[in-house]
Every structure is written in structure tokens, then in C-alpha cells.
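Only one chain is given next, in C-alpha cells, and it is the form predicted on its own.
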């Protein structure tokens, strides 16, 4: 049976793609920062998102805190955890071959997931706070997704303003451009690495908080977000911070359009095919390599 594609259906998937893309961009920005500043491939980025989701779940279920008001708490907790991981483990592979950082963070990822399973079990948990949709003409927009879009857009914009306009943000960009020049200019590169890793973990935690209101959470949920974040920065350009925004939007649109035109099984494979194509055709990404 053929399905007739209407303009309303196209509008629906485009809006859904943009909503998802903003969330992808915010989470992937943290991964892009770590790679751009430290040249570290962080496989543990997704599990940090998962931990942020659990912070929100337990604050909501135990104390009845509005899940959106838990954003500062989840970001703060993961900021501290990120700094602890950088200071105790990650700093050891900053100047090592990239395979070393990949293996180390892969081990950290496995440890975080297993510890979460031990502490929280593998049961699905849900933050049932906001349901339903806003209906705008022929388009229905999920309420939790549009709220997540608003928060993700604000946090992403604030992160870009921080990197562009503050002294610390400029130091992070300078370290990304050239570590040696940054050191000559008096920048404490070790401190910048510490803050960058914590900042990236906080962005992942924000993603976890927003996702917890949309879907059920469980300890292995972060793995797909690690892959999607890598795909976003490959699309936009490794270490290119504006590229994370472009890549996130593009991935969100492609996923939603694929779900409209393809079967469920094929649409799930689109992201993997897209990754291979980008690596083959334009390995530097849409906007090229690192950007400051």
C-alpha cells in the first residue's frame, strides 16, 4: 500500500528534525570541545549523559523537583565528575596517540555503565512530568521535545557566547588553536584541559536531563548518544564548534526524513550509512577541520 506524502507530513518531520538536531548539537559540542582542545577521543561521553539523566530522575522521584529545574544540579555533578576523571585518568593520554585515548575512555565508558547497572539496575525508569503535544495547524509538536529544544538552544548559545566573549573561553579557543602558543602567552594549559573536560561533561549532563523527560532511561542509553555525537562532529568537522550545530541539525533532519520515506529497519541504518559516506567523500566535514 503506497503512502501519500503530504506537505503537512513534510512540515512535521522537518520541525521534528530541527527539534532533535538542536539537542544533538548541544551534546556533540562537548565532544567537539574535548577533541579540539585535548585531541582526546572520548567514548565515555554518552555514559556521562546517562548519569545526568539519572541525577534528574532521582531528584524528581525522591524530592519531587521539577525535572527542568534539576539542570543546574545535573550539570554541576557531571562537571565535577568530568574534572575528577580528567585529573586522575584522562590527562595521562593527552599527548599519547589517539588510539590510547580511545581505549582509555572506552574502559571508562564500560566502568560507568556497569557501575550504573549495579547501582540503579537495568530497569527502565521514566520521568513522567510533561506529556501531550502542541497542535499548530496540521503539525503536532511534542511538548517535552519543544521544551528540550528551547533549553538546548539557550545552553548552546550560552556556550558559544562563553567561548567567544569571556577570558576563559578565549583561553580554551587559544589552546585549541595551538597549545604551545597558548603556553607562551601564559595560559595554564593543564587547567584549561581540566575545565574543558568538566564543561563537556556538563553539556552531556544537560542532554541527559532533557532526554529523561522525553524517553525512558536505563544504564546503556548513552551508547547511541556517543555514536550520534561522533556522527555530528564528523558531519560538521572534527573540532569545529559551529560545525557541531550544523551537523546536529543535519542529522536530526536526515533521521526524521528517513523515517518518513523508509521502513523502520532501513531508517535506523541511515545514520551509519551517512557516517561512511561522509568519511569517504569529505572526511574533514562540511565546515572543515578545527575552528576557533
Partner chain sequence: MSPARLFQGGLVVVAAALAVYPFFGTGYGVRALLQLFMWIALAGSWNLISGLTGYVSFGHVAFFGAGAYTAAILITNAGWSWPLACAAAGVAACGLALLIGYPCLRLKGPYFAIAMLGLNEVLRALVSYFEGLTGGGSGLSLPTLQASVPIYYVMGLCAAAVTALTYVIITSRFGLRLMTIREDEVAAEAMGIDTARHKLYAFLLSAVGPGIVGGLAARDQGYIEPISVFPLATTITMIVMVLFGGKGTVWGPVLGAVILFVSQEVVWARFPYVHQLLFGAIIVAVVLLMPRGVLGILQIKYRLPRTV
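Positions refer to the first chain, counted from 1. Note that the structure is predicted; figures quoted are calculated from it, not measured.
Absent from the display: the form predicted in complex with the partner chain. The rest refers to it.
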Q. Is there a non-hydrogen atom of residue 51 within 4.5 angstroms of a non-hydrogen atom of the partner chain in the predicted complex?
A. no
(Q) Is it the case that residue 275, even though its partner is missing from this view, gets within 4.5 Å of the partner chain in the predicted complex, heavy atoms only? (A) yes
Q: May I ask you to check whether residue 35 falls inside a 4.5 Å heavy atom distance of the partner chain in the predicted complex?
A: yes
Q) Going by a heavy atom distance of 4.5 Å, is residue 95 a contact of the partner chain in the predicted complex? A) no
Q: Identify which of 102, 136, 161, 183 has a heavy atom within 4.5 Å of the partner chain in the predicted complex; exactly one of them does.
A: 102
Q. Only one of 115 to 123, 72 to 80, 174 to 182, 149 to 157 gets a heavy atom within 4.5 Å of the partner chain in the predicted complex; which is it?
A. 115 to 123
Q. Is any part of 212 to 233 within 4.5 angstroms of the partner chain in the predicted complex by a non-hydrogen atom, and which residues would that be?
A. 223, 226, 227, 230
